[in-house]
Structure formats: C-alpha cells, structure tokens
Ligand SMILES: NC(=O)C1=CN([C@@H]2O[C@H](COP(=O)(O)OP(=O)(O)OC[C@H]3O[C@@H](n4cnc5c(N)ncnc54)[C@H](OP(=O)(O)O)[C@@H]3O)[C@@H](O)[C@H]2O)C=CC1
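Here we start with a single chain on its own, the form predicted on its own, put down as structure tokens.
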C-alpha cells in the first residue's frame, strides 16, 4: 500500500502491540491524546488534508505498509518530522519556539525521528545556532537528573541553514539537507514562520516550491498579525493560497493554547451547573480583560504600525469571546468547533466609534522612579496617536446573547499584568436579603472569573453569612487555584500548539473564514479612527487606564470587575 493512501478513522488508537491498560491521560496531552506507558504522547484520532495523518508523537506505533517489525517500528523505516523555524535568530524563536520544542522533547512528546532546522539571513554555523538556543533552554517542568543529557540530545538534532527569505536557492539547499536527515523514512515537514508578515508570501512561495515534502505532509504555521484590516487580510490569504491549500495553513494565536482558554469549553459543556446559566437569561455582562504592566520597551516601531486593537483585541480577545459564546458543537472535531465560532463572529454587530475608547500612556513619576511616555520610545514616530489602550462594547445579535454587553479592555503600561474573563450574573429577583446587600454591587452580583494569567485560577464569587449572632452578609470566593490543585507546571501555550500542528489538530488554529468574520467587526471602526485621526486619551504609566473606559462601561450599567478587586 502506498504511504500516501493510508487513512485512519477518527477515534482510532495506534498501538504497537495489544492495547495497553496502563495507557492513561497525561498532563501534557489534549483530549485527543493519551500518554503511553513508554512516555510518548499518542494521537487518538485524526485524518488530515488527504495525506496520511500519522501522529507526530507516535510514529513508531503506525504501520506504513502493513508490515511491522518486532519492536513496533515499520520495516520501511517509519516516519520523521522536520521542523524548520524560519526567522531562527529572532526573539520569538529564541524565547518561545525552540524552548517549546525542547520541552516537548523533554516530555517525550516528539517522535523518535525528528530534526530541527533554523533558517534565517544571518550567517551562522550549526554549532553557533546550538549555542544560541542553549541559552534559553530550561528543564523547567521538573528537576530530573537527566536534564543536561536531554538538552545535549536535543541540540544534536538542531541544524542551521542561512539564506534569503525570497531565495529559492536557499530553500533548495535546505531541502537537500532535510533529505539527508530523512533518508529512508516518510518525510513530514513543518515550517514555523517567525518573521514579519510582509515576507510571509516570499517564504511560502520559495519553500513550497523547493522544500515541500515529496510524499508526506507539509504544513506552515503563520504568526499574527494576519493583515491590518479586511482588505489586507484577504489579500494575504489569497496570496498564501496560491501556493498552499487551506489545510496546510495553521494560523496561530497562542492565547488559544493557554490552559484556562482550553478549559473554557470543558467548564461549560461538562458541568451541568454552568451550561443552563450560559445565556442572556442569567448573565448580565461578560468582560474580557488584558493588561500589561510594561510599555513597548523598544518594540514601538513594530507596535506603532498596528496598535492595541489589532495587536490584542481583534485576535486574542475576540477568539476567546467566540469560544465563550458559541453554541454546543456537534463534536470536539476541529471543524465542528470552528463552525460554531464563525457563527458567533458573523452574528456580532460591527463596532461603532461610540462604543470604543482609546488611550495612550504618558510619562509618570512614582516612588522616585520615572516612567517614559509611549512617544518617548525612540522607535516610535514623533507625535504618534497610535492607541496603547482600548476598551470596546460589542454585542452578539442572536437568541442566546441578545442585549448582553461583552466588554473588552486591553492596554499596556497599566497597574498590573493580567488576562481574565469575568462573567457577571444578573441580580436575584426579589432577593430576601436586599436590605442587607443594599447598593453593594459586589454582593448583589455573583461573578465567575477565569484568570488566564498569571496564577491561573477559576473562582466564583458568592454571598454567604458571616458567622455570628447577627445577620451580616459577606462576598466570598469558591477558588480553584491551579498552583495548589495541580502541582506540575502548566505547559506553555506554544508547546500545545506546536504539537497540535504536527498532529494535524486544527481546532486551536484560525480558519480563513473566521479571520474574515473577525476583521469585518473591527475594520470599519479602525478606518474611522485613522481617517478622523482620533486623539487617544492620555493615562499615566502604571495607572488603571483612561477614565473614558469607566464611562463606556457605565453606559451599559456595568462596572469593570477588576476595579473592585485585584484578586
């Protein structure tokens, strides 16, 4: 049987021998994966883009041609994955991608046969790449004795190819080196584009023509931003599809790989106590809050071209909103989930300028220390009016959410670092204890909070009686703090998403029609802000943001949940 004709039914597990009763869920593995007794993550289900879907972490367990050797490995030599990080010398590659790949290797979640290549314009030897990578690798998951051995083994699988991003010659040389490493095995190739978006198409054109796998799959992970508006995003998609099928494009939003975002659908769909409440009948408003306690710090040149709405709100927060608000999908299959997300996005009203507040941080002195303004960043153009803060009220015009305000807030140089979802429920009708509660909104409103970062937690604010002879009510929290409940460190979002991409699991990646629907919401207001040159409201570095955000919330009889508590 030809390797490319192999297909597996969803739900199929690929054991080397008889089913092993010791196979069990593993902290690193998604619902589609189990962790085998030998320590390797195995994919429970998939088929992918017409090519055989072989789990990236179970290559030894799959029969390629119907014959299997005694140790479980295919006689033809099995399969291999080659991961090429394009833009290998950049910060994202050094700080996130290579460490994530090492963490997967450290946890035995990569296949037995894999190779990592760095590709960039910088001149560098294999040894220089390894030295650069080694500075950011850590055995942070636990303190095993074999940490240094695993690091050495991983670095031996890392190589480098220098070349221009629009050079077919450079990628042809990469292809030659990849074929040397893949000899005798089914070659699968993953390209991670850790580069500016203006050279995505050049790289895809060159790599797809000269460095695609001849018999296995070839996939490209594309980092945001995906354009600046509907028009540029559509043009980028059309250009990529000249050389790739949609199934080969993995648009990554790393927030979708965060543990609490992954847990959002589990919390809702597997707990009867929450699902009946998930509608306009019980929920008064939903808040999606993102804040950083630092400014652009030398990245102002890049940031100034996009601003906070494009950088955070249109992708991270909107994707979380779609997951939060979607209807129950038919199954956990990627397309079923993404279909429901698209329905939510298409049901949302286009943003009006009246429902948006923008701000920009200014210089501030506190405790004898001076903090610079955004325009003090030497990489920021003089007189820039690019927002570093934005708040918006969006609405979903469907039966479940009609009239419920979804409030988004994102900003830099604020008083704290946080990302959270806050669900404020309606007041209890005819509350027997209204005299005890009075005008205290915290006691009048139950609130469910999912803290995505830092210190991941889920907590529910409830009212209860303070012990004693009197009748005094107190607002308390039922708190699930992940660090106390789960002792092992939570994997980084990039680890999960890289593993998903290798396995062809697409539910946490963005489909092209999702992208179109998302941009349709924000493009009109972005154009209006820029055409009118709306000046952002200034707020001090380290503050809670511009006052206008509080007026925006008050328009809908809402108070920001992070104001009353910093928990």
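This structure is a prediction, so every number in the text was calculated from the model and none was measured. Residue numbers count along the first chain shown, from 1.
Below, we turn to the form predicted in complex with this ligand, even though it does not appear here.
- The stretch in contact with this ligand in the predicted bound form, judged by heavy atoms within 4.5 Å, is 192-200, chosen from 192-200, 425-433, 400-408, 356-364.
- 87 is the sole member of 87, 111, 187, 78 with a non-hydrogen atom within 4.5 Å of this ligand in the predicted bound form.
- Among the residues 446, 210, 122, 237, the one placing a heavy atom within 4.5 Å of this ligand in the predicted bound form is 122.
- Three-residue candidate spot 324, 459 and 562; no residue lies within 4.5 angstroms of this ligand in the predicted bound form by any non-hydrogen atom.
- Taking the partner from the other structure, this ligand in the predicted bound form has no heavy atom within 4.5 Å of any heavy atom of residue 329.
- Taking the partner from the other structure, this ligand in the predicted bound form has no heavy atom within 4.5 Å of any heavy atom of residue 304.
- With a 4.5 Å cutoff on heavy atoms, residue 165 counts as touching this ligand in the predicted bound form.
- Put simply, residue 490 is far from this ligand in the predicted bound form: not one heavy atom of it is within 4.5 Å.
- Residue 494 is the sole member of 492-517 found to place a heavy atom within 4.5 Å of this ligand in the predicted bound form.
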